[in-house]
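Following this are structure 1 and structure 2, which are two forms of one protein chain, each written alone as structure tokens.
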Structure 1
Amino acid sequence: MDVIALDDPTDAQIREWHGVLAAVHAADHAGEPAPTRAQTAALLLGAEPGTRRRLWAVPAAAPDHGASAAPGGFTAVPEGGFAAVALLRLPGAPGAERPGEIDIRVRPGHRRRGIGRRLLAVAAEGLRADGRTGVIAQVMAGTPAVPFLESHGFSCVLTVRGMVLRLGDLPPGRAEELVAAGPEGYRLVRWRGVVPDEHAAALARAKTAMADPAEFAGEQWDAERVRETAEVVAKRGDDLYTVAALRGPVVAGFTELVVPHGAAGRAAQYDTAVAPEHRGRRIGLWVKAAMLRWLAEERPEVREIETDNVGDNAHMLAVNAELGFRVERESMEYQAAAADLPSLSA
């Protein structure tokens, strides 16, 4: 089979690439929004600053090179179309420091013929040539990508559960009940957009306390960074809402939610955290319930809220389950050592 490298993709190649993404999406990603042509073009052309990318495709019709053309195969796409594509992201400078990121997509009618494996071997060459020692891949649970990656040296390092709360499913009075049951000695405050000056430093301290030192290398927040993050949301035209639980001047816990501009039916949960010394008092549930009440008053057009839960964050999963969030999809991050990936000669 032919594998072609697309250094500088043409319009026709972008169109073919998009065709593969759309066909794969239809087969594997029920419930997720389909990629648009503009998103595909941005993916292939719009280089992120500081990241290089390499692209490969397997043409669907290859009558002159038909070594792997199985009987009845390669007819579902027009001559010249792509049967499969692969993208390798190379963030930062060449070298072992950071893993590359691989994404392989094979049209459903062309699977189990070794195309995915071949593209992985080609990308592995690209990885090694760039001095990388590792690679990661993001996949949806329950799709063929899981057995594919697990049979090629990858193991799962992270699970992310995408959960959705349909506000219409909340029992009447539930949020009010939870708000009324808040802990003694704490009070709620809320603001829209950028944090008021009086809470900025305290919110930054709460954000720093929430950062898992193992995961984020002790991520530091200050008032300026908190404001800048909120300004980025505002520049996109989205609305950021924050509810915080205060003990004196201290932010003991907070929750943030964003109502996107132009798609206000579904809001996105951002950070929720309770500082370690204030845990065990149901503050997470309290601030989230207060957010639900506020949202109902302020943005009645919001019908559902989506949130991502990373790893085995049992407390946050329990809080979300108590509020009525249901798991909608589960994605996984896989990792492999470049040395364990298939090689072209195999």
Structure 2
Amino acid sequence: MDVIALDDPTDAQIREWHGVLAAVHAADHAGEPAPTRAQTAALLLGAEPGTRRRLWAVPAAAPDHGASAAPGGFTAVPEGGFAAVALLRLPGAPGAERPGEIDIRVRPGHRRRGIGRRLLAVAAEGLRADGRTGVIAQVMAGTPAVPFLESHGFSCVLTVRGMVLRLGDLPPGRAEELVAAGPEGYRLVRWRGVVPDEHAAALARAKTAMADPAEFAGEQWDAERVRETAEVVAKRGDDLYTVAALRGPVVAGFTELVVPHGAAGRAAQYDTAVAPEHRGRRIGLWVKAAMLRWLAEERPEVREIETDNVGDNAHMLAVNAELGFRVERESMEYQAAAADLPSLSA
């Protein structure tokens, strides 16, 4: 079967990619909002600072004999739309110790034909060529992606609970009550978009402090990386809101929320964290309540907030439950060694 390498996807290819995501969503992701065309374009064209992406697709029908060939023997021109797509995210420089991240989607009507395995083998070659030793994939629990990954050398390493807060269910005055009960010796600040210069270094230190010590090297935050991350969000047309708790000049805790362009009333929770030395003071709850109050003032059209929590993060799960978030879905993160993945020659 033909595989297309999409180094610089065209509008038509983005449209076909979105068609695959929409078809898979309709079959496998009940209860979760469908991706918008703008979100698909941002997925394919945007990249966080310090990351690279490789994209592949399998045409739904064989191309004309006149189609040209791309380097590596891949077909260069698709005809008849895409049957399946694959995205490989490569954080850091080639050879970085961090794993790659892979996402493979196959239209329901084209499954069980070896297409997913073929795309996995192509992505694995790209992974190994980049000097990576491992890869992770996040999929929805209970979907065909689970047995697919488990049959190709992947093992589940954690579960992630998708939660949603419907703002109409929040008792009147609840956010204000929680904000008023904030800890002594701290103050709240907030900003939209890129972090102000006076808080950039402190926010970077807070993001570094929240990182899991087991994470791979190269994840240190600095002021420039914090700014670049916010600029990526802005380039997508989305709005980033941040509320932080300060003790003197130190960012003790913070929460970030993004209102996507064309979000149809739903915002996405990004990072929320409290530095270890400031925990136990309900700062996480405080900054999230302040965010809810600000959102009601600034973006009254937002009716829901979605967030993801690692299944063993009991503290943040409790904070979200107290605010009224309810579990809507569960996803699973799988990991595999690059050496265990199928090869193109097999």
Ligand SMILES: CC(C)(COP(=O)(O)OP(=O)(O)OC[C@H]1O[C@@H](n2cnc3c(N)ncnc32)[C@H](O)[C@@H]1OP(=O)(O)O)[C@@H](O)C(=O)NCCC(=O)NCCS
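Predicted model, so just to flag it, every value in this text is computed and none were measured. Residue indices: 1-based, along structure 1.
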Structure identified as the form predicted in complex with the named molecule: 1
Residue pair Q335, A209: same rigid group between the two structures: no
Relative rotation of the two rigid parts between the two structures, taken as the smaller one's turn in degrees: 29
